[in-house]
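First comes one chain, alone, set out as structure tokens in the form predicted on its own.
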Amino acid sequence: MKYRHLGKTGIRVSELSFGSWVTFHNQADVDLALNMMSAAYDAGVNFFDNAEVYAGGKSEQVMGDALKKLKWRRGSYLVSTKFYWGLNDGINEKNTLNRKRLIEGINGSLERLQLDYVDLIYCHRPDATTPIEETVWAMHNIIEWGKALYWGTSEWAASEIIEAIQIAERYHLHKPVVEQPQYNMFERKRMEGDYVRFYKEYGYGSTTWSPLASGLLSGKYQGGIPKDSRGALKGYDWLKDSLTNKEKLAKVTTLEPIAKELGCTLSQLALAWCLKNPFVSTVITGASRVEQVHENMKAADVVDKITAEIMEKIDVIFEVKKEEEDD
């Protein structure tokens, strides 16, 4: 496993990390979560991603129970969580980044995770109704209290992130250091467009999610939606249109000869492709079986096999037109 600095911070994250979205509680109980986390940790993974909204807080509970049983040295791993949607319907408790919600959020997450602190907290989405200055101050205070060590954003516009950084610099507060955007062969507009100049100028880190496009790039949906997949889960109906899109499925089929040429699976190819982007700090992987964890971890061995020529072939398949950079 290789490790990359999280933006301009002093900490380094494993280039492949492990997340709990969809699977923990919905598909994995504590014992299975423990076994999958252990397999990832043994492969060198040191970053585990979560969010208070995942499974309505139960994902954090599962991870917390697993960590308690694993008894790893706290300095040997990193845990993150995220706030925005909330767990209740109160007017100040959902879809917000106000100070009250963020402070109550971190206290609840630490209780469920059974940790004294988390290493990284995110603003899970931007909040147009709360002044960014209020959010920046709250995140700064949470770090000053030792309840988190760093903070970042998820799916924020580059202009919103820059405003948060500038506010933090103006008042000498802890700045956001990392973005968590969706990034895969199908979804690349921000990572390869809006964020490029921003990453270069600010040295922001990135912990990218959905590298397999919710499993589409693994090839598992070529014959329809398997009963044991996330596409069949209750509450994830919104994924079905994408997972059964004939044009997308045809592109995945066209990737198969490339994976065969490299001697890897489609999943490993998709993960390794993400790692070719120099602005990616870590790629968050997911799994519902230990065997998937082992397969995903082998993607690290594929990265160096992906040449510029292969990257170009993939761009052709996905009909990507590279724009020339400004001087």
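The first residue of the shown sequence is 1; numbering continues from there. All values derive from a computational prediction rather than experimental measurement.
Unshown form predicted in complex with a small molecule; subsequent notes refer to it.
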Partner-proximal stretch of 64 to 72, 255 to 263, 281 to 289, 298 to 306 relative to the small molecule in the model of the complex, 4.5 angstroms, heavy atom: 281 to 289
Any chance E52, P131 and T135 all have a heavy atom within 4.5 Å of the small molecule in the model of the complex? no
Counting non-hydrogen atoms within 4.5 angstroms of the small molecule in the model of the complex, say which of A213, M191, V177, I143 makes the cut. A213
I need to confirm a contact call. Of Y202, W209, Y117, F186, which residue comes within 4.5 Å of the small molecule in the model of the complex, counting heavy atoms only? W209
Considering only heavy atoms, tell me if S109 and the small molecule come within 4.5 Å of each other in the model of the complex. no
Do K82 and the small molecule come within 4.5 Å of each other in the model of the complex, heavy atoms counted? yes
Examine S154 and determine whether its closest non-hydrogen atom to the small molecule in the model of the complex is within 4.5 angstroms. yes
Give a yes or no for H124: in the model of the complex, does one of its heavy atoms lie within 4.5 Å of a heavy atom belonging to the small molecule? yes
